[in-house]
Ligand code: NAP
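This document starts with one chain, in the form predicted on its own, laid out as structure tokens.
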């Protein structure tokens, strides 16, 4: 690829960003689609986020926003999608007609990955969601939009879980203040939306033995190693998947927002598999 003055610059803004596979995925997609763009990761402090986003968007570029800036990014963009308004988080931005547009592609990315994992609809599903950050907000909205009947939220800080439930969940979201209150309960799906698992030494965010039943377990964390959450679920004979497919799918939705054409998801999936050695 030859980068020229006409090349469109897309960036990943966050802190840290050194571990991200998004540049490999997106640059493979750009090459396959034949678009004139380059994707890079930039470590960004909170005070610099607005300047980066406005500057890149006005120059015809855009990008993604990752931890810890997704909520702050929602306040930076001029034109927000419904997903940004409902979750209060933004992970994708671009320039259009002199304004910064923003979306939360984690929502549709989660929904696409969930359908592939379940091999069918989530209608009527009873889920347990661990966490209350940006990933949890996207997963909660995605579950409800896919027709889940009830989502129980557990987070170490229960007040934060209540805030997420109030904003997004309505009558279908229930906050579990204490882990012990999950004893004996049964769920069709358990989702890890915490950061636990990024480090191979992390402990699992849930002791599956306290549950009565868990039909399946989906981790939104991914890496070269098998996450502690996935290991803990597999030890109980539970069907599992990690966050690799959600990364691919949210990246595909971002690609579609930037370029206005379908994303080459097979190429993106192959790129992340190579990167992770799978």
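Positions refer to the first chain, counted from 1. Keep in mind the model is a prediction, meaning the values are calculated, not measured.
Heads up, the form predicted together with the ligand isn't pictured, but that's what we're talking about next.
Taking the partner from elsewhere, no residue among 9, 80 and 97 has a non-hydrogen atom within 4.5 angstroms of the ligand in the model of the complex. Within 4.5 Å of some heavy atom of the ligand in the model of the complex lies at least one heavy atom of residue 250. Taking the partner from elsewhere, residue 63 is found to have every heavy atom lying beyond 4.5 Å of the ligand in the model of the complex.
Remark: residue 191 does not count among the residues lining the ligand in the model of the complex, judged by a heavy atom distance of 4.5 Å or less. Not displayed here, the ligand is kept clear of residue 37 by more than 4.5 Å at the level of heavy atoms in the model of the complex. None of 174, 126, 195, 115 but one reaches within 4.5 angstroms of the ligand in the model of the complex through a heavy atom, and that residue is 195.
Residue heavy atoms within 4.5 Å of the ligand in the model of the complex occur in exactly one stretch of 23-31, 218-226, 231-239, 47-55, and that stretch is 218-226.
Along 140-167, residues 155, 156, 157, 160 each place a heavy atom within 4.5 Å of the ligand in the model of the complex.
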